[in-house]
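Before any questions on how it binds or moves, here is one chain, the form predicted on its own, in structure tokens.
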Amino acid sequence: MQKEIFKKILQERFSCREFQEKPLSKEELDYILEAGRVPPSSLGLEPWKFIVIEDSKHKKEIAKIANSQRHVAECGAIIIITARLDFGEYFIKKLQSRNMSQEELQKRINLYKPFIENMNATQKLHYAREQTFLALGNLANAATALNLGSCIIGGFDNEALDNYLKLDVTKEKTSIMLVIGHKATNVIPQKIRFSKEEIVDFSKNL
């Protein structure tokens, strides 16, 4: 039963570009954001934050930054995912919050601390941004579970959006956006995907 429910979510999610003029309920938004809060992340660092935009004025202004995509302005809410660059400041505290022995804790600190401290600014952004897509998948699928539409928005001016949101770019930068809302139609477009044989290789000799 659970497998079928999950399969249905995967099959029914699509890039929705037509939304009803209807706000999301607090319960709907809370459900989606909770799904975005719990995915796995490298070293358990969760290097992301979510900025939720619901009012019409700001949605229209952000739509302009996103190449004037109409559905960005007309959706129920925009979830902007930022990549945290300050994970080096809290990673030890995160490790300490886990139930592990002092020996194991010190072992992980010794292993991870040089890895994190040796990253330059570009590497930190790349590393954190990769993790944000794990949260993004959960957010999008959670919207589908509620029979809401969603569309992943990568076509925008990151620097302009960073400035618009007044972000401290030494600590976080915009990564990706998800627009969500009540669908204007329940017609689900046909999914066109590569076959399993084209993307999966069990026989490669390494």
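Throughout, we count residues from 1 along the sequence that is shown. All values derive from a computational prediction rather than experimental measurement.
This next part talks about the form predicted in complex with a small molecule, which is not shown.
- The small molecule is not shown here, but in the predicted complex it comes within 4.5 Å of a heavy atom of H71.
- Taking the partner from the other structure, the small molecule in the predicted complex has a heavy atom within 4.5 Å of a heavy atom of G155.
- Among residues of the shown chain, R17 is one whose heavy atoms approach the small molecule to within 4.5 Å in the predicted complex.
- Put simply, C151 is close to the small molecule in the predicted complex: some heavy atom of it is within 4.5 Å.
- The contact residue chosen from I62, I176, I53, A35 relative to the small molecule in the predicted complex is I176, the criterion being a non-hydrogen atom within 4.5 angstroms.
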